[in-house]
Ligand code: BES
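Here you get one chain, nothing else, as structure tokens; it is the form predicted alone.
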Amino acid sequence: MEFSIKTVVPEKQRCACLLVGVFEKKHMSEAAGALDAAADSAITRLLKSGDMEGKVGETLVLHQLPGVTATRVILVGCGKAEGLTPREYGKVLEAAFAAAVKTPAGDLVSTLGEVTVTGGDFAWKARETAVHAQAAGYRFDETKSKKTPRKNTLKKVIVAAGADDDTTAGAAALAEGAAVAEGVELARHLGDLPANICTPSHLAGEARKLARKHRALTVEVLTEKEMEGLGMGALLSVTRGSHEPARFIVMNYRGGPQRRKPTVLVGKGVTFDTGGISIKPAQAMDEMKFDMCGAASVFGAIKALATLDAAVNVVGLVPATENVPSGTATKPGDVVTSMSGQTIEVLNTDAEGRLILCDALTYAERYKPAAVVDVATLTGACIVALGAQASGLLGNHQSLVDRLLEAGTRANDPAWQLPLWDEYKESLKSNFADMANIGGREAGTITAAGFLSNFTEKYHWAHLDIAGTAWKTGKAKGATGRPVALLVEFLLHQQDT
């Protein structure tokens, strides 16, 4: 998709689709007012008749509006005229582009940059426009024998700028948003692939494909034999039951000065999770193909950075494996030795994500990182606590946590901090090993992070539990691409930790 910024005269702008905002209480944006004047008060009459109330996310498509050059105009509800919150603005854009891609419009001009957003300048609004425009056009039909005909042909999006808008900053932000959108799309695609296609080896192949496209990115893939040589007993205990070989994927993006310490991203890559011997119920088990969405988000973030030629150094580590039961699978009560040398009593084989992550977190030490952030669909408890709105966030360094929280707010990809007190780790004590891999029923998200913290004492670390945010269920089932936007925002603008 092609994005640009230009100054326009709304009523004279020749395009297939024009987005303009209307507010509650029959108020109009400046662009909508200009169209209304050109159309002999047609929009005023529509609002008075009750066809549209202006609530956030409402849309109404108008065709061949008199006096207006655009083929179609989409009125977009923007709530209160005094201004929107960033999250409300995200909903406005989501609704606007969802309506736009249902039309055959190939090009579009958005005047929604003139809507007031608390804490959001023109550049921020341009960035969000690119992210939402591309997301609206995403479809997954790779595994269908008959592809669904696509009505949307949207290829070109222009963000209209006002006289006082900083178009230079806006253009840079628009490019950033387009790159983030590509990263989100990659993460969604990997997440939506079925597990018989998206195996650990497939993920390794995707990493190599990325490296071939970007000179600043190198990739190394470790085999099970190499992992065994490194002592990754926790990770290998998860893959024991599977015929699919595990892979440990290292993506090293060097866009900044060589002397600068890298930030390490660690993504949980369980390409299918049956729970192992502690097998899950059959209901909704198909959704366990999404248990690699942490890995997918690391792929997406690195793709976005490489697309931008970002001046940062980032290492992406993806421990990739299946977790399935068989005669060779790890059993509850088995004791395994992690790469760190610490022993773990595996009380529940369905708590496997922390077993693969702990060895990756130990591996991260070799980079002497500025910070380490792991991303994982780790606990159902996080869904209970936070639902699908915010990712859970915990860490051992408050400044790092604060920067991630700020990045999530700016990227409209929020996280929420949970406590990580030593008292929570009491439930992980074991009579037979240094620790157990689960605690009790209480505070499951926190005790899981507490387990991981035992492997992060040599650097600043944060943990993002995305179990509630990585995918949608029900009729809208599919990967969301979160938290790619949060990660890219953090890495580009919040790197000093």
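Heads up: residue numbers just count along the shown sequence, starting at 1. Source: prediction; values computed, not measured.
FYI, the form predicted in complex with the named molecule isn't displayed, but the following is about it.
Fill in: Location of the named molecule contact in the predicted complex, chosen stretch of 300-308, 206-214, 272-280, 191-199 [non-hydrogen atom, 4.5 Å]
One stretch meets the cut-off, namely 272-280.
Item to complete: Scan 132, 354, 247, 125 and let me know which has any heavy atom within 4.5 Å of the named molecule in the predicted complex.
Response: It is 354.
Discussion item. Quick check on this chain: which one of 330, 362, 242, 379 has a heavy atom within 4.5 Å of the named molecule in the predicted complex?
Written reply: When the named molecule is considered in the predicted complex, the option within 4.5 Å is 379.
Practice prompt. Considering only heavy atoms, tell me if residue 291 and the named molecule come within 4.5 Å of each other in the predicted complex.
Written response: Looking in the predicted complex, residue contacts with the named molecule include residue 291, since a heavy atom lies within 4.5 Å.
Worksheet item: If you check in the predicted complex, is residue 467 within 4.5 Å of the named molecule, heavy atoms only?
Response: Yes - in the predicted complex, heavy atoms of residue 467 and the named molecule come within 4.5 Å of each other.
Practice prompt. Although the named molecule is absent from this view, report whether residue 427 comes within 4.5 Å of it in the predicted complex, heavy atoms only.
Written response: Looking in the predicted complex, residue contacts with the named molecule do not include residue 427, since no heavy atom lies within 4.5 Å.
Item to complete: Answer for residue 223 alone: is it within 4.5 Å of the named molecule in the predicted complex, judged on heavy atom distances?
Response: Output for residue 223 is no: heavy atoms all beyond 4.5 Å of the named molecule.
Worksheet item: So which residues in 118-132, when you check the named molecule in the predicted complex, have a heavy atom no farther than 4.5 Å from it?
Response: Contacting residues: none.
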